[in-house]
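Take a look at this one chain, the form predicted alone, written out in structure tokens.
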């Protein structure tokens, strides 16, 4: 039986060469995902693809039967960032994911329904209800929100809930660029070194253990958050979609594993074992269980 829960592909968080990005989304046309988020959300200096390029990808994915959502940048730092934001809001056919409250304001003023991204950090019912009154039709809870807290969250009628279910957790954003600092470069003269790290740059502890992942102005978890073995717990929660965050290798297999698990074709333990083959780092699920986020997965 096919699950009613949808699969979504989150926006690409890394800086990949132009042709790699185009080839990746050409493959996505044939993947079992219902919604694809597109656009640059991390750093405005990343210009391998411009808005017109993203719109071209959006049109092809839409023709392939995918819902497409254009994602906005998480930190707005300049007038040029604002201009780019306004262009996304005014794109016309595609829904927009707001990743900061400037985007929320513009979308509200335009009377456009939108997706409230996880970076808005919505933890209480009043804020969620306010966003719904402003036009939010879907929300992504903060990645630190546990299953128990989510199950107790009153979600406005007709609002969809999408949970971050796979990938390195987007933990924080900064106006400083940590990748540039790693190379002893100024942010405005970073030489676009992020492009050398297609799955981010691992930051180890003094003991040599992978702790965090540096991705330009974004800090991610060192481990890969995965909920594939928790899908049975979604019954009784408001979850309507699961977000998978793109990685460089094995993403088609990750999507197929989640789809098979959702449809009941793959037992949870077997899905976790199968998924481990494609993980770029050890798995974790601590936040979902209400504990430390980096706690390893036990099935």
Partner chain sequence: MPKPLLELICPAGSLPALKSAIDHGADGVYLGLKDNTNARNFSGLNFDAKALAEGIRYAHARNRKVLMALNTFPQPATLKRWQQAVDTAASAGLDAIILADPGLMAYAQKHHPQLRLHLSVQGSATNYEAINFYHEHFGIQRAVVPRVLSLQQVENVVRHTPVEIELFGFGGLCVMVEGRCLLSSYACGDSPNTFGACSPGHAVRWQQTPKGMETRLNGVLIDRYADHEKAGYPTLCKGRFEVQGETYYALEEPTSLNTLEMLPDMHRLGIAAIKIEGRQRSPAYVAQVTQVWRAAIDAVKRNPQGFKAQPAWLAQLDKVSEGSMHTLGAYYRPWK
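Numbering follows the first chain given and starts at 1. Predicted, not measured: the structure shown is a model, and the values here were computed from it.
One more form of this protein, predicted together with the partner chain, exists but is not displayed; see below.
Problem - Contact label in the model of the complex: residue 125 to the partner chain, heavy atom within 4.5 Å - result: Residue 125: contacts the partner chain in the model of the complex.
Exercise for the section: Spell out, yes or no, whether the shortest heavy atom distance between residue 156 and the partner chain in the model of the complex is within 4.5 Å. Expected result: Residue-level check for residue 156: no, no contact with the partner chain.
Exercise for the section: Using a 4.5 Å heavy atom cut-off, state whether residue 227 contacts the partner chain in the model of the complex. Expected result: Answer no; every heavy atom of residue 227 is more than 4.5 Å from the partner chain in the model of the complex.
Exercise for the section: With heavy atoms only and a cut-off of 4.5 Å, decide whether residue 94 touches the partner chain in the model of the complex. Expected result: Result no; residue 94 lies far from the partner chain in the model of the complex.
Exercise for the section: Scan 143, 132, 147, 84 and let me know which has any heavy atom within 4.5 Å of the partner chain in the model of the complex. Expected result: None of the other options qualify; the answer is 143.
Problem - Contact test, all of 206, 211 and 294, partner the partner chain in the model of the complex, heavy atom 4.5 Å - result: Yes, all three are in contact.
Problem - in the model of the complex, residues of 69-106 near the partner chain [heavy atom within 4.5 Å] - result: Residues within 4.5 Å: 74, 75, 76, 77, 78, 79, 82, 86, 99, 100, 101, 102, 104, 105, 106.
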